[in-house]
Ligand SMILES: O=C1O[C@H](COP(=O)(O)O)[C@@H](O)[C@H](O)[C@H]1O
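Next up: a single chain in structure tokens, the form predicted alone.
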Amino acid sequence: MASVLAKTKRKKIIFPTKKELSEAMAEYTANLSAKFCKARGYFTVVLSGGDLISWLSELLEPMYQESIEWSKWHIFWVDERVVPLDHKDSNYKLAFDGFLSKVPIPIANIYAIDKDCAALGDAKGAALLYEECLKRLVNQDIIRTYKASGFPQFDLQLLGMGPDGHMASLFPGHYQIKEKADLVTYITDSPKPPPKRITFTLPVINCAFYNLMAVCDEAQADAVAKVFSDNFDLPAAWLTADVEAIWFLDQAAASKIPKGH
């Protein structure tokens, strides 16, 4: 899997507070939105779940609401829990309630998992249909493709990491981290509930132009330290990108990183 990693060097910025991290994330996202909207008329953004959505709240401030070209955004999920879209565990519901319903992104530009597969708990079907969706949007030139592999290439992915070092729904010790052929895979025995999920595969994640990994709190500090010590037993340690892979950390999450890393 070394070739998956051989793109960009991992960077980090440590912020005194979550508030400052959130403000920086908003600025970073807004700047890339302006860059890609000007260059090609679209901005493809991949979200994850957890605390990330609350940290995106800075984008709801008037300065961003009025300046961002929201109609050009296209929204995807790096992973999703295979539960009904109105279920409390749904990443779609989390993002819609906390962010997407408050900005004027066209509903047609928001790509949730198939609602029937979600309602039935059909993880395999949901993964297949989401992969078909990505391929269709590649054919429409909404999503670009990575020059070397032909995999979808998203403009920006906003990611998080669990205390065990998982990212998306790629968990330590599970085979999905080694999947290289499919764009989207699925898991039915997630160590973190709910058990059924779909997830982008590692090559798709690492083809993105920009990957921003945001991690806060002391509970993540051990995993962060392992990542920055290149412990590749942790899926998050494999994160890279085509242009920039950057970690936004608060002081608690960064507190155990060895000196010199």
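This one's a predicted model, so the numbers in the text were calculated from it and none came from an experiment. So that there is no doubt, residue numbering starts at 1 and follows the sequence shown.
We do not show the form predicted together with the ligand, though everything after this point is about it.
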Exactly one of Glu69, Glu218, Glu27, Asp51 comes within 4.5 Å of the ligand in the predicted complex through a heavy atom, and that residue is Asp51
The one residue among Gln176, Asn109, Asn91, Gln153 placing a heavy atom within 4.5 Å of the ligand in the predicted complex is Asn91
TL;DR on 159-167, 95-103, 116-124, 133-141: the one with heavy atoms within 4.5 Å of the ligand in the predicted complex is 159-167
Given that the partner is absent here, does Lys35 sit within 4.5 Å of the ligand in the predicted complex, heavy atoms only? no
Open item on the list: Even though the partner isn't displayed, in the predicted complex is Lys192 close enough to the ligand, meaning a heavy atom within 4.5 Å?
Closed with: yes
Checked 60-89 against the ligand in the predicted complex; residues with a heavy atom within 4.5 Å, sequence order, are Asp79, Arg81
